[in-house]
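Given next, in structure tokens, is a single chain: the form predicted alone.
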């Protein structure tokens, strides 16, 4: 793991002088926005995405699809004012993207940045293009797992040049179509391998049958999200649950419908703000929290309640209240691994030890999140040890210091949570939060009334 030296600026993490009491409007979900962009681009008719997230990851996705020929128009849509969720995100009031499908073509160059959804979801799309599509990205993207997607696409009939790396950079030589069929894949390192194949599968000549062969499958809520979004645009997705055929998905070839979709708030990005209520013994309301969702962030209601808070979900949103005490927790986060940094930050401030399990795959995320959390919390005086599949956290009095982010947005927000209770914490490269939450510093100080 290499510390970032590109962004030396330090951001003094605000220290809370008392209990927070705020309403925080969280922008749209990155996971939903990027899946919706792919599905709308493969549809047989134009569609709308209302209140999409505008962040580095989603703009990279939109620019990549434009490079392959898709029309994506950003507009202020008056009709969105009548949407049931239109009260949220005042900074994006009425904003919508109109997606106009077109014949996909190369040559084109795609910058994936360090976005897992872009680097994994778009090579299958590129197989449907007429011509070569070159994929490249940030240095860290070269280290992130991609072999599963590459080999699966080759099995399904694609031609991909990666010089044997099984990683970026690579070129997909699109032939305008892909045969499809049955493929086995080990998605133990990322559920995105499965989602990547499913999203484009309706456009494959034979559809696809994906069989996961690994012993573990992290982040299942994200696969459920993919399946539900596919069904919402008219795809037929079967998930056999009998005869020992679990972890099998079958998508039939079909046309996809253009839809008018309002993007849910990003519940994982709500995490630091809910954590602020827990840490300070205060209260935070997140408007438009959905009653039913496939987003992993919804698990925060249960997890943070177990750690000492209380939540109430109403038609207006979720209100989370801290009690002034933080309890340790023993929890398997295998399905919601992206929540681990924020939970670890809260656990470092608890009154008893915590064990976070089931997240060995986090070593392959934007950075090695387990090593990074251990190092940064311990350098502030904490006592964190890595386990085979997670972290054991023994709370200790913490002190100020520099909290490095390793160009990882969730490391930055985790450091900000600790800074609420510990004076003198400085976040290195807080700007990395622009990956999924562009206005985080202003939202954070606004929550504190600064």
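Positions refer to the first chain, counted from 1. This is a predicted model, so every value here is computed, not measured.
Beyond what is shown, the protein has a form predicted together with a small molecule; the following relates to that form.
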query	finding
Listed residue that, although the small molecule is not shown, lies within 4.5 Å of it in the model of the complex (heavy atoms), from 56, 35, 50, 404	35
Of 191, 295, 285, 141, the one that lies within 4.5 Å of the small molecule in the model of the complex (heavy atoms)	191
Segment assignment from 231-239, 216-224, 155-163, 130-138: heavy atom within 4.5 Å of the small molecule in the model of the complex	216-224
The small molecule contact in the model of the complex: residue 212, any heavy atom under 4.5 Å	no
Residue 365, heavy atom within 4.5 angstroms of the small molecule in the model of the complex	yes
4.5 Å heavy atom contact, residue 338 and the small molecule in the model of the complex	yes
4.5 angstroms heavy atom contact with the small molecule in the model of the complex for residue 121	yes
